[in-house]
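Okay, here we've got a single chain as structure tokens, the form predicted alone, with questions on binding and movement later.
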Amino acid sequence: MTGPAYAVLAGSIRARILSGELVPGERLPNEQELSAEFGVGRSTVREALRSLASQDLIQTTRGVSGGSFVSVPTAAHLSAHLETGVALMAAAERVTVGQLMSLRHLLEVPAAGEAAKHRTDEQLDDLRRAEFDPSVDSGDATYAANQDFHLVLLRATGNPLLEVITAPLFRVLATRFGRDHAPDGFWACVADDHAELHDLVAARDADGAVTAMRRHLDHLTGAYQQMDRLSRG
């Protein structure tokens, strides 16, 4: 590896973290120990640690029991990083509405079947609470309920990576592509689709949930593409 000495050192520590040699929560050697091990000055070590901290790979605390520790990842943290990247791609028009929705199809259609198989009674209650009445609810409330419904379905699969990967997609779609231009009947259609999905998941009908989710995302794809066109004026 070539480059500035601090970057080389940061790359070496990063490799240890990603390989699992240094595990989440583990304390890194102190500045003096790292300086001796890698044959660099302590200023280089500090710069390397700042670089790792900026990537959220480590966290540094002060005090007698302080030091630099390998970060403990959370689903929300990872999802936020991915959302930033996807939002930047959408803003730069490197990714289209159709491409974002295509990825949602690939992830959420089979996920609906898994949710029907593995959901708990508590998750079923959460699904019901995330439904909304389009004749009463509007604006931010409907967007929040829509996202909550899909998040609960993803969690019901039992695979936390699905939420990490998929949640940023519908947050970007909701904020980037014309949320104020929903076509007539859009929210009524969403509410009906969600009610159908709830009933199929409640019945543990995996095949029916897969079919219903595919149809629901088809509805969303057409609506988001129309909203995108309107937002561009």
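In this text, rigid core is short for the largest set of C-alphas that superpose within 1.5 Å between two forms. Residue indices: 1-based, along the sequence shown. Predicted, not measured: the structure shown is a model, and the values here were computed from it.
Just so it is clear, the following notes concern the form predicted in complex with the DNA, a form of the same protein that is not shown.
Residue-level contacts in the predicted bound form: of 189, 202, 40, 53, one residue has a heavy atom within 4.5 Å of the DNA, and it is 40. Remark: none of the three candidate residues (129, 133 and 146) comes within 4.5 Å of the DNA in the predicted bound form, counting heavy atoms only.
Among residues of the shown chain, residue 166 is not one whose heavy atoms approach the DNA to within 4.5 Å in the predicted bound form. Contact annotation for residue 5: at least one heavy atom lies within 4.5 Å of the DNA in the predicted bound form. Contact annotation for residue 66: at least one heavy atom lies within 4.5 Å of the DNA in the predicted bound form. When contacts are judged by a 4.5 Å heavy atom cut-off, residue 193 does not count as touching the DNA in the predicted bound form. The partner is not shown here, but in the predicted bound form the stretch 25 to 48 reaches within 4.5 angstroms of the DNA through a heavy atom at 27, 30, 31, 39, 40, 41, 42, 43, 44, 46, 47. Taking 2 Å as the criterion, residue 166 does not count as shifted between this form and the one not shown: its C-alpha moves by less than this amount when the rigid core is aligned. Relative to the superposed core, residue 47 shifts its CA atom by 2 Å or more between this form and the one not shown.
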